[in-house]
Structure formats: C-alpha cells, structure tokens
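Next up: just one chain, as structure tokens, the form predicted on its own.
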C-alpha cells in the first residue's frame, strides 16, 4: 500500500494492517517527520472499516529511540512541543479503537521502548533488546515511559531500568512482563499475524469496549502531563548537551548536576 510516506510503510492482509518503520540508516530512530507519518498512518487504519487489528514492527530494528542528532538541534523553547507531539502519537496507539500488536525485532530503546509499551500486546524476537537509557543523555523518558513502564512491570523494575539506563534482552523482558511472548526471530511476524488473526475473529465492538475499559483503569493522564514538563526542564540543564554530545562523540559523559 503506497501511503506517500518516506519511512513508514503499510501492508494490509485482510483484517490486519501492518505498519513497518523503515529508516535503516538511523536504526528506525524517530524524528518529527516520522512521528507525523506514523500518526497519519494510524488515523488511516483507525478509519479503515476492513482493518480490525494493527501490527507495528520495524525493518531489522523495531526503533532505537528518538533521533538524537535531531534532538541536539532542537531549541530548548521548542522541546515541549516536540515532546507533546510524541505523546500525541504514542497516546494514539494506546487509545486506538483497534488492538495494536508490537512485533519487536532488534533494538527497542528509549522512544522505541515507549512505542512498544503503548501497544496492547508485545511479541519479541529472541534477539530483541529493550531499555530506557535516557539518563545517559541527561534526560528522562519523554514519550510516556515513566508512567507506562511501571504499570507494566512494576515500580521496582521500572526504576531499575530507568535509573540505570540498562538494556535487557528478550528473555529478561519476558520474565518481568515487558513482553507477552518471545519467539525465534524468523518466526516473529508469523506469531504476530497469528495473534492478530485470533483477535480479528472476535466481536470488534466488544474488543474495542474491553480495551477502552482496561485503559481507563490506568488513570495516567496527570502523570503523562508531568512527564512532559519535567522532560522540558531536563532539556534546559547543562547535563543534557553534555550527555547528547558524549553520545554522538562516542565517549563517557561527565555530568555536573547543573
């Protein structure tokens, strides 16, 4: 299906819509253009009466996070609007009237991990890696990670991942409840499509209502708003450019806490 997008492709298989993030040169890192494309694609599939389930995956990697090079060019006064746009798209996934399955291959880091945990079900290939390494850049998760991760894996596990910036493999992700299932990498899309087919055969109105009720029980709006504000505050610190420049220069950052 030709959507006119540069980095987001869509394939329809009967009742299933498959979104593939395809920006190989940047390990599918999210920039503003990709967020716009992803949001528009989700809207199209939401309005497509034939589609009952959506799968999000990536080419080689799921998504390595937000585009650090682009973030380094964003002015501090612009960062809140960037963060809000990311939240809008991630919230769109969570609040979509159709179930969304993440088929995770390779890296799902930072914004990529936040993209995955906004989906309703996560299936990972054995080689998948997960993490919220924003503290290494002098930042915090900015696309909902501080709120959704703790609800998914518990407060203690979420704090460990976020405060250490550690990256975990698929096996550990399954053991803590971050993903529903781990399969062989070559069987990932087969497993995701099989799951989607099962859901697609259920009553769509009942599925939508069930998803809505489960989401309403989370009550995370206040926390998400606070995350946006504190992410913008982190962006104004001196540690933020030190962290990002160290990442781009492939060296260890020297944070001063100012």
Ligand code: CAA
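All figures in this text were calculated on a predicted structure; none of them were measured in a lab. Numbering follows the first chain given and starts at 1.
One more form of this protein exists, namely the form predicted in complex with this ligand; it is left out here, but the text below deals with it.
Asker: To test your reading of this chain, name the stretch in 180-188, 117-125, 92-100, 139-147 whose heavy atoms come within 4.5 Å of this ligand in the predicted bound form.
Answerer: Selected stretch: 139-147.
Asker: Hey, in the predicted bound form, is residue 26 touching this ligand, heavy atoms inside 4.5 Å?
Answerer: Contact check for residue 26: yes, within 4.5 Å of this ligand in the predicted bound form.
Asker: Determine whether any heavy atom of residue 66 comes within 4.5 Å of a heavy atom of this ligand in the predicted bound form, and answer yes or no.
Answerer: Judged by the heavy-atom cut-off of 4.5 Å, residue 66 is in contact with this ligand in the predicted bound form.
Asker: With the partner left out here, check for me: in the predicted bound form, does some heavy atom of residue 109 sit within 4.5 Å of this ligand?
Answerer: Residue 109: yes, in contact with this ligand in the predicted bound form.
Asker: Give a yes/no on whether residue 168 approaches this ligand to within 4.5 Å in the predicted bound form, heavy atoms considered.
Answerer: Close contact is absent here: in the predicted bound form, residue 168 is far from this ligand, nothing within 4.5 Å, heavy atoms only.
Asker: Can you tell me which residues in 74-104 come within 4.5 angstroms of this ligand in the predicted bound form, by heavy atoms?
Answerer: Residues within 4.5 Å: none.
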